[in-house]
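Take a look at this single chain in structure tokens; it is the form predicted alone.
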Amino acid sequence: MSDDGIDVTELLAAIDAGERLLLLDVRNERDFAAWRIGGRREPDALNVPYFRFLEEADAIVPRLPRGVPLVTVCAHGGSSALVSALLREHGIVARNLVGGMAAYGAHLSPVRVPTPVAERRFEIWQVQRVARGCLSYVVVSGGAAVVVDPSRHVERYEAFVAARNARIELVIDTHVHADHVSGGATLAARNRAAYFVGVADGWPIGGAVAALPAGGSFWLRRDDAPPLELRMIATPGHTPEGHAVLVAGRWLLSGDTLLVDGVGRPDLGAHALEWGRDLYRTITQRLAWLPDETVVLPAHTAAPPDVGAHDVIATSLGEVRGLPELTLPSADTFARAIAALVGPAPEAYAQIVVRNRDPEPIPPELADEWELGPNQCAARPGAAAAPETR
């Protein structure tokens, strides 16, 4: 990057490394309060709306700190670039976040999930969308790849898979997402790959969807590598059509059924108690046969502390089974307890669900608007009235 610009990758690396800097956010107070840049550490931030710089620059600039580098931030990088230039004219070290919050919101960071040496015939990559708390996955084996829960920025998955010398054979959405526009159907169509998302009664899906094979498993077969099993497990609860993907019998891509320290909120379809009971039965019965050491890789996270070893966001099935809500004696008491942990879902979620159930192109500006802020898909113990995503 140039001396006067910094991109999202470099900024997040600096924040995570604990480098001393100050984010000068020039958006209005409401937008700043609703959604801020974060990392594994909480960066220092100051909010001074752009219009105030226009009106009071001579009064504001002298009060800004000069002993720490500033990074200016706005919605798309335009207004903050002007502020950054103004500050440099006054001798303040300042760089502008290129692309602003829109670039931050779209940023994807792939992290490899550790697997034993004996399993190096395949790779699992967790693709972290830091700003939204959305997690997608790329599984590669013998030149074949499957992408699970991709965001709408499909070209980035294509480039990543190509760099692994692989071809996308299958795209899976673990469920119909409500917090972000899925790239699943688009990515599959662009790469002539099969596309799978579950179907439930009264919850129809538009477009071409691959049928689940007999036995409930997809197999990655390509080149001379042994075939890799992706076992599909129906997990109704967060949504009625949800599925988890069990890779090689040990790594569970759990969608929003299981999260690192919570479960997916079951209220996003206006059936909180009914779906909550299904969620309880899914966790305590449908997944009961899986061992405690099964690695849970969720589709969403809520906060930087969720990041664990090797920078991967994961937990064990045994840890999830220890959640206090799952010790409750019945599906009814569980459903009521989970319903008490969540607040109202963002208004845009209903519109996103409609689009994801029947994928049609939408203007990028509208998708940006729908996806503002962190996801609100989870029900986390101790987080009453503070939801997460779907």
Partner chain sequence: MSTSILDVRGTKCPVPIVKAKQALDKLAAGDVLEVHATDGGSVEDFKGWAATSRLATLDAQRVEQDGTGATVYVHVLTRKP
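C-alpha atoms forming the largest set that superposes within 1.5 Å between two forms make up the rigid core. Residue numbers count along the first chain shown, from 1. Please read all numbers here as calculations on a predicted model, not as lab measurements.
If you look for the form predicted in complex with the partner chain, you will not find it shown, but the lines that follow are about it.
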item	value
Candidate spot R30, H76 and L82, all three touching the partner chain in the predicted bound form (heavy atom, 4.5 Å)	yes
Candidate stretches 332-340, 347-355, 47-55, 62-70 - the one whose heavy atoms come within 4.5 Å of the partner chain in the predicted bound form	47-55
V354 C-alpha shift between this form and the one not shown of 2 Å or more, rigid core reference	no
